[in-house]
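Read the single chain below, which is given as structure tokens and is the form predicted alone.
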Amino acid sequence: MSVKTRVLVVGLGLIGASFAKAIKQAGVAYVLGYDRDPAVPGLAIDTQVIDEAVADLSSVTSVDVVVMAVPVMAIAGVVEQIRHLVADLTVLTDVGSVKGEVVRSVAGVLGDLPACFVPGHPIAGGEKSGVLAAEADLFKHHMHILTPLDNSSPAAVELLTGLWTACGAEVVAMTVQRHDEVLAATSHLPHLLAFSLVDTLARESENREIFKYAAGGFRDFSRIAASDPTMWHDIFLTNRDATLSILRRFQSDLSLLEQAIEHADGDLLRTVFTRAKSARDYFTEILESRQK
């Protein structure tokens, strides 16, 4: 990978800024940065997140890679703004949590999907947001999922794999459909449950007094309810089918637990809890192996 690779990051929130900072520090690219908030690129320069600030996307004339680090429902608008660059790009990619909608958005603007287009999604994040929260090691020991399309060029996949590897990520590939199904189960549903639980308790407790008595279990489970509401609003509206499928399966299993408690069916409760503990222990082993 050439150190002269020019990468334009559109959207300097936590993910976009962390990616920019990581590849800049790794010395694998010259990084340009743009954000809809005109003050943000200047902050990104001051904090050494990017090499060059971009005030207007139409002024960019030559880059090798464009990374769209914006909410899923904003992708179409970004593609419209950078469409003059697409013909000469080696890579056009994104970091969205719903790949099907991203593919539809790009196709809706450009008509045909270009060979440079390789959708992607880093399995990393945090509750803090904005360019000042950027962490160069945010993706270290985390997966980055690529969902190459039938016409994605091998050169695009190779370059993009190299950039994310330079961030410390483990790059894996799967289909767009499989990605959206997997993320609905492992990310979207947990966020929905956390949002729902915190909202339920907040509405039922006058002045939210109940939170004074919450301990570590509630803290751990509810942590992700502090995530960006706008981003998650977009995710649930754009990954409806996969999310509804896993949500309805969960509702069915939850009804069984409700009945077990109502009828004092300790055997069923013990079976479910034991199976869940075994699965969680296996997940812990996977996480620990990635840290080695």
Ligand code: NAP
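So that there is no doubt, residue numbering starts at 1 and follows the sequence shown. If you're wondering where the values come from, they're calculated on a predicted model, not measured in any experiment.
Note that the form predicted together with the ligand isn't included here; everything after this is about it.
With the partner omitted here, the residue from 166, 74, 149, 136 that has a non-hydrogen atom within 4.5 angstroms of the ligand in the model of the complex is 74.
Just one of 70, 29, 50, 66 comes within 4.5 Å of the ligand in the model of the complex, counting any heavy atom, and that one is 70. Of the candidate stretches 88 to 96, 108 to 116, 150 to 158, 193 to 201, only 88 to 96 has residues whose heavy atoms lie within 4.5 Å of the ligand in the model of the complex. Proximity of residue 240 to the ligand in the model of the complex: non-hydrogen atoms within 4.5 Å are absent; the residue sits far from the partner. The ligand in the model of the complex comes within 4.5 Å of a heavy atom belonging to residue 231.
Looking at residue 22, you'd find every heavy atom of it more than 4.5 angstroms from the ligand in the model of the complex. Contact annotation: residue 36 falls within 4.5 Å of the ligand in the model of the complex, judged by heavy atom distances. Contacts to the ligand in the model of the complex (heavy atom within 4.5 Å) from stretch 10 to 26: 10, 11, 12, 13, 14, 15, 16.
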